[in-house]
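Presented below, as structure tokens, is a lone chain in the form predicted alone.
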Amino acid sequence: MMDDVLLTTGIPSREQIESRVPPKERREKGPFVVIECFQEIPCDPCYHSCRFGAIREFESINDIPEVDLDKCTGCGICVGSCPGLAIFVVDETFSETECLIALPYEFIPLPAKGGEVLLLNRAGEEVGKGKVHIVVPGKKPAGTSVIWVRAPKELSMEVRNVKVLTEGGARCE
């Protein structure tokens, strides 16, 4: 059942988020998917996009996705397949101080590799600065692009969007 906070604000509760965070042991092994889908709606592109079988087959088209973290490679293919923009990949093993986060990105123009971005939380609030590490354009005509951003490691479970900055550091409006 969906939490009242999600229904009124569009932001999942702390309990909902924590229910999707993999255990520390798995987080230390490399990239992993985080599916922040909390609604029972007819949708299953994530299951069909995963070539490793890490997203378990649905019994009903309305099921909430479940992940087999032992099968997940953190490739990020599922990130661009989710029409709800609810799938992310996190790699906390990227460096001692930074993580990588794969985010769905549907704005144009796409940010440039190496570009500076403001890191935003689920409420759209600025929580830090990061850099674009990789840009994967979406498949045409309606595919969602995926950007991989470098962020401070302590923000790995907070960052869920970005605001692109211009080359000079000014905000794009």
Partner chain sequence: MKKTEVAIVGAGPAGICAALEAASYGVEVTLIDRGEAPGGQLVKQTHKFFGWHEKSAGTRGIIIAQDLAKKAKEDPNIYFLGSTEALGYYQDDGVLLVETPDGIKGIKPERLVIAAGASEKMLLFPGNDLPGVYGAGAVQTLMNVYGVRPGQNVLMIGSGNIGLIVSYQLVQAGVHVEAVVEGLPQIGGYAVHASKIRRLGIPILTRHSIKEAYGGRYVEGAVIWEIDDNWQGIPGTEQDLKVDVVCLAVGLSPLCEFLWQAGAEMSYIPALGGFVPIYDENMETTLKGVYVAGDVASIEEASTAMAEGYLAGLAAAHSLGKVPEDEFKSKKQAYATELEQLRAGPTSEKIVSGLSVLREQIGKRVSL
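Numbering follows the first chain given and starts at 1. No experiment lies behind these values; they were computed from the predicted model shown.
The protein also exists as the form predicted together with the partner chain; that form is not presented, and the subsequent description refers to it.
With respect to the partner chain in the predicted bound form, the three residues Gly10, Cys43 and Asn161 uniformly fall within 4.5 angstroms at the level of their nearest heavy atom. Comparing 26-34, 106-114, 65-73, 127-135 against the partner chain in the predicted bound form, the single stretch with non-hydrogen atoms within 4.5 angstroms of it is 106-114.
The partner chain is not drawn, but in the predicted bound form it has a heavy atom within 4.5 Å of Gly143. Interface residue remark: His48 is counted as part of the site for the partner chain in the predicted bound form, having a heavy atom within 4.5 Å.
Mapping the unseen interface onto this chain, Leu120 counts among the residues with a heavy atom inside 4.5 Å of the partner chain in the predicted bound form.
For the chain shown alone, Leu100 is not a contact residue for the partner chain in the predicted bound form, no non-hydrogen atom being within 4.5 angstroms. In sequence order, Gly80, Ser81, Cys82, Pro83, Gly84, Leu85, Ala86, Phe88 are the residues of 74-93 having a heavy atom within 4.5 Å of the partner chain in the predicted bound form; the partner itself is omitted from this view.
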